[in-house]
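Quick heads-up: it's one chain on its own, the form predicted on its own, in structure tokens.
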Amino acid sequence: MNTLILCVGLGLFCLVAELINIRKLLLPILLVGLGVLFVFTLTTWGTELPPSIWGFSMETMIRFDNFSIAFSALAIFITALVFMLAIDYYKTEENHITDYASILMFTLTGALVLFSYWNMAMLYLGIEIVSISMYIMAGSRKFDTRSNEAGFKYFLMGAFASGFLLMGIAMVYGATGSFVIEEIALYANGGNLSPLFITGLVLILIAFFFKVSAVPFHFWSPDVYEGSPALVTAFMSTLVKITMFGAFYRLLSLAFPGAISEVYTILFIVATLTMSLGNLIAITQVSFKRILAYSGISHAGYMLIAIMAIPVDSSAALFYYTISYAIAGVGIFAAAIPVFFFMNNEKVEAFNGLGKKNPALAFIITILMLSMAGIPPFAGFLAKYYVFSKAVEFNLYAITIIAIINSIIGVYYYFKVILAMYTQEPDGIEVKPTTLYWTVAIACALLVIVIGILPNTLMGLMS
């Protein structure tokens, strides 16, 4: 609970920083604060004391366990990496830096709520905190038509998803008489589920499919990713996605364990379409950000397999997958944003000849792309292996075969960027990332290698 309070305090500090005029020091102070928050979160490992605020019990609203602590630590780490990039990314927008920083911190606050909620009301509040913050950030460049379009589309689609979620929660409450997770689970495990309950569960699933950009509720994702500022896209495609999957897994594993069999057909169809369409459409894209958007859609399909394998406890596999995906995603943007800036182009052709112009940067992008593609020995390979293993353990053979075929297809569009860097001729424009961009990109590349070689520590966190 103290972690959540401290995170809110950092967000409020960003607003106060505007009044005392310390904009230039704000992001370094926040990095230190996030470091303290990360360490503090890890120190709570293994402790499951009833949460309270100033003596008032919160145990029916929020619960902390190793699952929530592990995902919270990951979210804090990813946020810290993004803030490192923000120091240079927003250096020409000092007048707005306190606004941006506070919104990103409140997004992290919503993520922490979604990793530890114990009540459907807290689930809704967490989703809205994250979503509203991202609506603002997607449209934060008010004089950029694409950013305006991205913010507006994201808001409209998010509003529909929130409507589905609220209606689903209301129906589940009507069937169970409670918003508390454990009481809903008692009803779900009792058998003889009412049509009202099943309908509510399906509506909640639809809402989450929107949030994780799963097919056929993915239409907003490519346009929003392409139109948003690149750093916002990095934050959205990593932190927000892993947050929604963490919340999704927590909901189905704790509140609806006895009802998952009722919606397996839906999960199977959506996972299959998400993997297949995400990969096939990505092949045709020429915009780098749209490639990553459709790549994110396909990865959502793989993570949905972990959701389907909940009965055999796939939490460790999902956690490992989110780590490998998020770190590679942030690293790719840390390397790509300087390319976008110097080339004034966000298409794949902007990377032409990068292997000759800046071999080190091209090498880092190659490592991160190979990890995303699931090529050994990088973390992305083992991430898929662990998810597929859990699927096989639960006898989900058909979806596993489909996923393996899609993994092979997905290699093509990742290599499209790699081939552009090493087989195309350079145009003479130099790409020189700043120290912070180098630091984040190198750190992420090293992490996907180390995590890929030594996975056991992370896999053991959920045991």
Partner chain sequence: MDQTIAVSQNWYISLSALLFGIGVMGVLIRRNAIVILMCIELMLNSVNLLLVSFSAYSGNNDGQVFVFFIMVVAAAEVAVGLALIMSIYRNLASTDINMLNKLKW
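Because the structure is predicted, anything quoted here is derived from the model rather than measured. Positions refer to the first chain, counted from 1.
What comes next is about the form predicted in complex with its partner chain, which does not appear here.
Contact annotation: of the candidates 200, 227, 338, 355, the single residue with a non-hydrogen atom within 4.5 angstroms of its partner chain in the model of the complex is 227. Residue 121 is the only one of 266, 186, 121, 343 with a heavy atom lying within 4.5 Å of its partner chain in the model of the complex. Heavy atoms within 4.5 Å of its partner chain in the model of the complex belong, among the stretches 373-381, 241-249, 186-194, 218-226, to residues of 218-226. Contact with its partner chain in the model of the complex holds for none of 276, 363 and 390, as no heavy atom of theirs lies within 4.5 Å. In the model of the complex, residue 91 stays away from its partner chain, with no heavy atom inside 4.5 Å.
Although the partner is absent here, residue 110 sits far enough away that none of its heavy atoms falls within 4.5 Å of its partner chain in the model of the complex. Contact check for residue 257: every heavy atom lies farther than 4.5 Å from its partner chain in the model of the complex. Among residues of the shown chain, residue 285 is one whose heavy atoms approach its partner chain to within 4.5 Å in the model of the complex. Of the residues in 166-191, those that come within 4.5 Å of its partner chain in the model of the complex through at least one heavy atom are, in sequence order, 166, 167, 169, 170, 171, 173, 174, 177, 179.
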